[in-house]
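Okay, here we've got a single chain as structure tokens, the form predicted on its own, with questions on binding and movement later.
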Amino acid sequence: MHNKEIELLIPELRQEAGLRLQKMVSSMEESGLDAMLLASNANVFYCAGRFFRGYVYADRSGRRIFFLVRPNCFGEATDVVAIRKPENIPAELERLGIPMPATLGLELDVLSYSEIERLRKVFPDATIGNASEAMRRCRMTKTPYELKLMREDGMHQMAVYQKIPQLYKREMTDVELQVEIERMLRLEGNLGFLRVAGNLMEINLGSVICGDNADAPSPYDFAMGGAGVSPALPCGACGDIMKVGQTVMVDMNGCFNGWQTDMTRVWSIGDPGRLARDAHACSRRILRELEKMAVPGVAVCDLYERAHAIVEEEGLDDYFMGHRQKAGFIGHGVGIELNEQPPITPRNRQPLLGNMTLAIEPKFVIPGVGAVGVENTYVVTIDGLDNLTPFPEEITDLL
């Protein structure tokens, strides 16, 4: 692509971008916004299908303008305008015959305070609303094209997980195994990074958690923590040698095209013991029941409550979603960002919608052994949950 101008939206994405714009218009109407000005990486990518530095302006009439700061290699188009700074936007809108909005949505949950204040001054007569919530609603349900990409992610992720038994060597540390898995992910086409929502969320390409490291409390809102190898990033593998009798939980990233799937599987080094096997079977039982009950209209909290009821029936509550420190959810939305809406918590009464994509992860921590449980990425359909990561779920012995 060097020294050549390229279209901002490649042809196959133009119709898809139109579908997403329709969702944005509906969300603006629901939020009482006349327009939105978006600048975050995830939302720019959602609107354009590629990332650029600049802004996406969309209004309730269905107009959408890409204001580009960098790069400068895009060809001319009626919906692409080159600018040097956001202060140029009002004049360009006037030139295009687009009226100034009375209410303008900015990403108040994502942008810095200084950038928000700067954009307020660019539109001094507009009442500012929160576009972050409006965009979360848009991205919570997926178009057929997005689901196609996520299915491709799942296939690539499963192809790598299939190789894990061949990557393990005796006396290996958890970090060494994770590095080998990361290598396979990159060779499979993984982009080598993942987007997460929230400025207090950080992670590398995922986690390999073995033995008592599964019980290490984490400052991050993850289902499983892990101490990590440095206080600079206290999560995941810690460098311990993996030992006989321990479980090895692999929760590595499935981002191959800008969208993501989230999948966890468990291996063991020898026999992990009956408690670990029973808890793992409980996780699988939870998933089978939720796969049937999770249809459009069911409250998100009902999924959590049913999962917790099964755990109590089997007497495993002490180990559910952590032991020393428990997570308050059993899953989350997933898409461009690893942790999208909705969180599957006991307080979230939001109804499920068709084409929501959910990562559901009922997990357990068994002291002295490690973590067990299964995580799959699903799409909500009228017939229940459709699994995008249908990989074998049994605990497999690496020895």
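Heads up: residue numbers just count along the shown sequence, starting at 1. All values derive from a computational prediction rather than experimental measurement.
There is another form of the same protein, the form predicted together with a further copy of the same chain; it is not shown, and what comes next is about it.
- In terms of contact with a further copy of the same chain in the model of the complex, the residue from Glu92, Glu115, Glu152, Asp278 that brings a heavy atom within 4.5 Å is Glu115.
- Only one of the listed residues (Thr103, Asn88, Asn257, Thr143) places a non-hydrogen atom within 4.5 angstroms of a further copy of the same chain in the model of the complex, and that residue is Asn257.
- Looking at a further copy of the same chain in the model of the complex, residues Gly32, Thr127 and Gly384 place no heavy atom within 4.5 Å of it.
- Among heavy atoms of Arg53, some come within 4.5 Å of a further copy of the same chain in the model of the complex.
- Although the partner is absent here, Val369 is not a contact residue: none of its heavy atoms lies within 4.5 angstroms of a further copy of the same chain in the model of the complex.
- a further copy of the same chain is not drawn, but in the model of the complex it has no heavy atom within 4.5 Å of Gly245.
- Taking the partner from elsewhere, Arg195 is found to have a heavy atom lying within 4.5 Å of a further copy of the same chain in the model of the complex.
- Stretch 195-203 is the answer when you ask which of 299-307, 270-278, 195-203, 155-163 has residues with heavy atoms within 4.5 Å of a further copy of the same chain in the model of the complex.
- In this stretch, 303-332, the one residue having a heavy atom within 4.5 Å of a further copy of the same chain in the model of the complex is Gln325; the partner itself is omitted from this view.
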